[in-house]
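Only one chain is shown below, in structure tokens, and it's the form predicted alone.
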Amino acid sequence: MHNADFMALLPLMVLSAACAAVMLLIAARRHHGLTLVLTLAGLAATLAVMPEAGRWMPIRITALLTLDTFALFFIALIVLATMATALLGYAYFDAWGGHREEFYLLLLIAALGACVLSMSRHFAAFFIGLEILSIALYALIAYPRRRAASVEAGIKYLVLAAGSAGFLLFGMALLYADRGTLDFSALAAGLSTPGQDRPLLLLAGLALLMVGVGFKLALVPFHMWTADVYQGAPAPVTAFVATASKSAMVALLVRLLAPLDFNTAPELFDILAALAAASMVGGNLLALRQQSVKRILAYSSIAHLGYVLVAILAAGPAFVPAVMFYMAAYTLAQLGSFGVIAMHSTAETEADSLERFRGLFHQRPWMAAVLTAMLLSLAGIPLTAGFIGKFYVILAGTQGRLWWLIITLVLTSGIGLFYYLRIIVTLFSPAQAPRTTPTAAGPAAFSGAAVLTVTTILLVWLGALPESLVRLLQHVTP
């Protein structure tokens, strides 16, 4: 490795140092507030060194990783989502009686794995990053170990994630047996030949690989874990799973598929198109009858990843900016939504059922307004970032002439509007339950309120004035 390689690895090295520093602090002295401060300092330092690392891009760091503007964008998105999750976790666990400090260590480790995924150009780096992320998530989901629902969700995710890892490894082994390399470019080279000349090993390996990726992205029919895990995990952890974890997998999928020409790989296009359509239809229909806000958001996230697949399948000049903008808007909306759930929860019970949110506007108008803005963005209503994101996805789809997928997107978005409005109507309905006690007070409450305020401002700003981010993303190539 050369000096340029080390400089390009600065974000990962600083984030790794932050993990070690937090671990040593926990061993020396347990202090909830101090651990949060050190965690935020490590994440802020990671952001601070990114311009220096960016001076050397684009650069291939050994055979495993690459740093370019695409990777740098997703690293920034993951780090910012992790900072928001840490602040929400501070408010959420403030009144919690157990050990709280390890939460931040696990969160940093998960962020490190997600950043490795966004820089991967090799299946070995892909698997290493995925396992770093997944192992930390197992513990984060089950972190309230005295809460049966959280432990159950952690075990479900552990078992199913281990199964999906088996599919991934077997698929990688078959690809290696056929191509003799684990570089992503080998997949594009193998699929550039005519269909009748493709080896069975390549096609089987690709199919198993898509099963593993489909599980991590919670695409239909690999979505069965999503609602249970979202509902059982603590609200801040659910926010992280829905944002940073999904963003990392989307970045990896784009980098894996961007070199491909779908005209020479129609079978892969058909598989991904079927997954996109099934996710849009299934996710929205499954959300209709849910009585749990977390389960509604879980099923809606399945649909949103289907929308992202439409942009990826378009494979035109607009698809990369469309995916990046959509993931930024989606991340803001999910952080705000689960942030409200975290702030409305108590140390004993999670604010999950629709009835817990009935009349929230009359109790906490600001929280109700924030959640309303987030849900309108997820629904794609104008003057929100979600509307602009969906517009660019449709634009990319029209450039790729994916008419039937665009029609499916528009129709299923109409279905999604129903259950988002259902939550909003509940927020403004007459209150039937007594006023709930806030989870946290003082600095802890301020940390959660800061996240909600910033996400709301950014959501409206990107919806009203998206030009600055759009211009930044127009020339990004994975």
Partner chain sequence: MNALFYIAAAVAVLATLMVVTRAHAVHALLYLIVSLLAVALIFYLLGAPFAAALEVIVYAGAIMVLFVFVVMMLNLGAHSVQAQRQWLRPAMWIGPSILAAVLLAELIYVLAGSPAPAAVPVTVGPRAVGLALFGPYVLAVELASIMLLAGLVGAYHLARPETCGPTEGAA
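Positions refer to the first chain, counted from 1. Everything numeric here is computed off the predicted structure, so don't read it as measured data.
Another form exists, predicted in complex with the partner chain; not displayed. Remarks below refer to it.
Participant: Only one of L175, L376, A153, V116 has a non-hydrogen atom within 4.5 angstroms of the partner chain in the model of the complex; which is it?
Facilitator: Among L175, L376, A153, V116, a heavy atom within 4.5 Å of the partner chain in the model of the complex occurs only for V116.
Participant: Identify, from the list V320, L191, L106, L208, the residue with a heavy atom within 4.5 Å of the partner chain in the model of the complex.
Facilitator: After the contact test, the surviving option is L106.
Participant: Indicate whether the partner chain has at least one heavy atom within 4.5 Å of a heavy atom of Y143 in the model of the complex.
Facilitator: Yes, contact at 4.5 Å.
Participant: Is it the case that H362, even though its partner is missing from this view, gets within 4.5 Å of the partner chain in the model of the complex, heavy atoms only?
Facilitator: Residue-level check for H362: no, no contact with the partner chain.
Participant: Please run the contact check for M50 against the partner chain in the model of the complex: heavy atoms, 4.5 angstroms, yes or no?
Facilitator: Heavy-atom contact with the partner chain at 4.5 Å: absent for M50.
Participant: Given that the partner chain is not shown alongside this chain, does A124 nevertheless sit within 4.5 Å of it in the model of the complex, heavy atom to heavy atom?
Facilitator: Yes, A124 lies within 4.5 Å of the partner chain in the model of the complex.
Participant: If we take heavy atoms and a 4.5 Å cut-off, which stretch out of 443 to 451, 421 to 429, 59 to 67, 407 to 415 is in contact with the partner chain in the model of the complex?
Facilitator: Looking at the partner contacts, the answer comes out as 59 to 67.
Participant: Could you list the residues in 85 to 100 that come within 4.5 Å of the partner chain in the model of the complex, counting only heavy atoms and keeping sequence order?
Facilitator: Those in contact are W96, G97, G98, H99, R100.
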